[in-house]
Each structure stands twice: as C-alpha cells, then as structure tokens.
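Here you get one chain, nothing else, as structure tokens; it is the form predicted on its own.
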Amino acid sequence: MLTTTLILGLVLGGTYALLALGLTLQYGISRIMNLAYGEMTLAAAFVLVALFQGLGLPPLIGLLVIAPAGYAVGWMLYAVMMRPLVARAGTSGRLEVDSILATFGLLFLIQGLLLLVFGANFTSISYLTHGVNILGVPVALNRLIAFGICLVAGGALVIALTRTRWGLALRAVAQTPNSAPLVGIDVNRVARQGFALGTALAAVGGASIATYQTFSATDGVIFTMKALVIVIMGGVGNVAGALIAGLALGLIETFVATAIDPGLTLAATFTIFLAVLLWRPQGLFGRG
C-alpha cells in the first residue's frame, strides 16, 4: 500500500506542480493574481480533445501546438487587459486588487464560452490507457507521460531562470521591480513575458490533464484553487518551491484517499492551506 500511495501520489503531484508553475510566474513576476487561471487550463484541455477527436491529431503533437498558442494568448491578454491595470495602479499597490476583480470577470467570460462551445457534459479521451508496472504498481501510461511533461517543463524552467540572462531578468523583476530599470531591464516587457509564459504553462497543464482525466467546463475553479494552494505552500514566486509543494500535495491527497476517505481529500488540502497561511504565510520554502 505504501508503494502504491507513493507512486500514484507522485504522478498526481506532478500534474499539480505543473499547474502551479504558471500561476507562480504570473503572480511572482507580473503581480497578476489570475483567478481565471483554471479556465485557461480547461480551455487548453478542450482544445486538445477537439484536435484529437476532430482532426485525429495525437495529444503529444497537439501539445506542441497548444503550448505556443497559450503563450501568444497570454501575451495578447496582458497587452489588452492587464497592461492598462498596471499603468493605472502605478506604485499605489492597487494592481493585486484590480487584477483579482478583472480576472474574476474573465473567469465567467471564458467559462461561458466553454459552456457555449463544448456544453456542460463531462469530457474525456482514451489515449495510452494501458498499464505499466512500476515496482509492482500498475500505472496508466498516459499518467506517466503527464508526469514526464511536468519534470521536463519544471526542470527546463528552473534551468532557464537560474542559468540564462533572460531568467536573470525575470528574477530581477520578481524580486526588485522598482530597481530593475536601473540596470536596463524593461519591466513591462519582462512582466508581459512572465504572464505569457504562465499562460503557456497553464495550457500545457490543461493538455496533460486532458490525456487522462475527465473534466467539464465548470471545473476551472478547482484547478485555480489547487494551483493557488500550491503557490502559497511553496512560497509566492518560488518555482522550485511550487514543484516540491505540488508533489507533496499529490502525496497527501493520495494518502488521504487510500487510507482514510476519498471524500476528505479536498478538506485535507484546505486544512494544509489554512495551516500554512496561519503559521508560515511566506510559504514552506519562502524566506522568513
């Protein structure tokens, strides 16, 4: 039972970590608290299903189309909707509140479009569902692929942020946005890149989820809340913390589901969330 919980928990946690990475970037770099993040994730999931069922495009190929499309959508959304909020907020500290209100409205707009186009029924596809034996535990291949996508995306992001000049600029804006212009960094451009990259990661997460989970057009709030819990647990803007916290949350939920009651997984998630907020608001891996 322990081995089963460990393996299935890590696989689930990989999906959670991938979901949280995008929200971490959007808030950590752009200072945008995106409440429509889950709906963006769902939109990518529905697009993948449409590409697979309508055009016969394999999901892994569809992923290569969805990721850059997500980046482009994020770039345009920041330019049209978020940039005016940033300009209006200035240095007053209003951006967080304004972005919450704006993306709350965007949430319902995207959800309404998804309901209109795809309906309210649950959606799923059958893709690489045969099991693979890992240490005596059968795991569906599509779940392992989703976990692999998380490792590749997370590892590439960590390397890019720590080993490249572009990553240095992103971290500079995240840590000291007021001082970054003094060394020639275009804060607006970097913030837009951070938001667009976060949207691309949301799209990749949604496409990964579509390969093995059943979902509907009204599930976005669940994805947003799970991502937000992980961001808070890992420390706002902490990419490595989000990866670790995502894996930890997957392990905890799997343990609760197998050892106690599947109906208590959400309660366990928010119990941890409240505990972190009360006793370590900077996150488990944030600086105290």
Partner chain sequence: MRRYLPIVGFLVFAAAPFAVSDYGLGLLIGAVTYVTLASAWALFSGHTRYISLATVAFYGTGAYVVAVLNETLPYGLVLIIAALIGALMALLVGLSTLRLAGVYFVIFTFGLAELVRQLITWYEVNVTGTLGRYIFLDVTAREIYWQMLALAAVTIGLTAFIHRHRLGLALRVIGDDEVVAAHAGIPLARTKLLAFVASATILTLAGAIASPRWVYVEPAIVFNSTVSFLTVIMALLGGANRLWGPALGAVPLFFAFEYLSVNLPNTYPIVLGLLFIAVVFVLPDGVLAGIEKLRARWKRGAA
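Residue numbers count along the first chain shown, from 1. Small disclaimer: the values here were computed from a predicted structure and weren't measured.
The discussion below concerns the form predicted together with its partner chain, not included here.
- Residue 101 is the only one of 183, 101, 156, 168 with a heavy atom lying within 4.5 Å of its partner chain in the model of the complex.
- Here is the short version: of 137, 72, 141, 81, the single residue with a heavy atom within 4.5 Å of its partner chain in the model of the complex is 81.
- Although the partner is absent here, residue 224 sits close enough that one of its heavy atoms falls within 4.5 Å of its partner chain in the model of the complex.
- For residue 122, no non-hydrogen atom is located within 4.5 Å of its partner chain in the model of the complex, even though that partner is not displayed.
- Using a 4.5 angstroms limit between non-hydrogen atoms, residue 54 is distant from its partner chain in the model of the complex.
- Taking non-hydrogen atoms only, residue 112 approaches its partner chain to within 4.5 angstroms in the model of the complex.
- Segments offered: 224-232, 244-252, 46-54, 64-72. Contacting its partner chain in the model of the complex at heavy atom distances within 4.5 Å is 224-232.
- Residues 27, 33, 35 are the members of 15-35 with a non-hydrogen atom no more than 4.5 angstroms from its partner chain in the model of the complex.
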